[in-house]
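Shown below, as structure tokens, is a lone chain in the form predicted alone; questions about how it binds or moves come after it.
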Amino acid sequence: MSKKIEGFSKLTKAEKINWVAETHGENPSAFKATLETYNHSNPEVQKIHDEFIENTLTNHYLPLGVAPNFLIDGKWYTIPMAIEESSVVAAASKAAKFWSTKGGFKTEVLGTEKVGQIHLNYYGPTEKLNRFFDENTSRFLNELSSITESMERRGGGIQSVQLIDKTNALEGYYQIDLRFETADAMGANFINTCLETLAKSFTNAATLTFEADELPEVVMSILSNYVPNCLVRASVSTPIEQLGVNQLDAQSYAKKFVRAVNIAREEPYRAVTHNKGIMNGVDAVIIATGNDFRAVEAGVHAYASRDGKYRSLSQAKIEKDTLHFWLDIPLALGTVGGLTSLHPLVKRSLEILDKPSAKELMRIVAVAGLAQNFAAVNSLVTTGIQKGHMKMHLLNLLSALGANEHEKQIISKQFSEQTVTNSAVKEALTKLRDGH
């Protein structure tokens, strides 16, 4: 049972482990042993992990796998994926192989603009605020030069700054909207530093211009994870006659495939699961490369709702006997800074991808999402999703039932042509152990 503790953050790591084990562990010694097992054997590596977050106890591992045979814009890639869900890596690999014989994946970065905002309260005359902002904008930007100088040398920096009247949404609400280019960095720290510095300059200048009763007030300064203009497109296409899909003739398959995608464009209940499948691929690569999957998820789902209705991210059509399948997705990613230079496996994942630029990583991540989506829709319109997924899940079920390696081999062979279900696997294992 939990209890209150004062000064937990000041305890040593061993003391934290002891307290949690004694307070929450059914078997404190076994609890501690588990936590200690997942600490890295190399103290230097473990120190790196311990400093990522606060109150660290141990490491929470995810499997890191690779999906080979991705042909993207004429170049071969092996894509690292960190994920715990069965069948995701296998499905991506299968889709990569399928499309590698049909010209591979094509990509286009449609934009790399990122957004930050300073949110203001102001109840005086709008014209006065506009005039003040126009007269001082150059000064504000000049005061940021020491912060932006390094980013500008790398091709980035502040692209635009604008005062926006939002009083139609909230009384007295204005915002200073800034657009950024952050080159190969994700740029969150850079953007937030620029915003907070500009907000101070704004406040200092405003006190010299406005009376106390109409002084603009900065509410907060923060980047936005909604980046509809930091966008990449991934696509595949092939003559329908070259689809070569089992069970359905090529024309019927293509029509059914397009119909399935169009349903996800119009039906939000389907669209959410459809997009979740896309994010299986996207998140796995983002985690492997040390990027912020929570930020990407939030921005992606906002983008999927941009016209007021939640829709699928991918689209498909048949044109002149050719199947076209594509995905537009906002991705604010980085290949320098953050975990990219700290996490040992992130470094290796980026090596696997030949140390890509941020734009190249955008292309790769989008392709992983499209490949995963193709694999899922392909299964749905042919064999159904469960056949392949449950076969990949079989070993997890057997492990949970305590099967040994010999039993796993026998049961796996038995279910090579059978539908995998929890009850069927449990029954098969029971019969095997009973000698049947």
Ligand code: MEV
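We number the residues from 1 along the sequence you see. Owing to the predicted nature of the structure, the values given are computational and were not obtained by experimental measurement.
Quick note: we don't show the form predicted together with (R)-mevalonate (MEV), though the next part is all about it.
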| item | value |
| --- | --- |
| Partner-facing stretch of 373-381, 59-67, 37-45, 407-415, counted where any non-hydrogen atom is within 4.5 angstroms of (R)-mevalonate (MEV) in the model of the complex | 373-381 |
| Contacting member of E143, D73, E85, E214, with respect to (R)-mevalonate (MEV) in the model of the complex [4.5 Å, heavy atom] | E85 |
| Contact residue in the model of the complex, chosen from T273, T322, N189, T167 - any heavy atom within 4.5 Å of (R)-mevalonate (MEV) | T273 |
| Contact label in the model of the complex: N280 to (R)-mevalonate (MEV), heavy atom within 4.5 Å | yes |
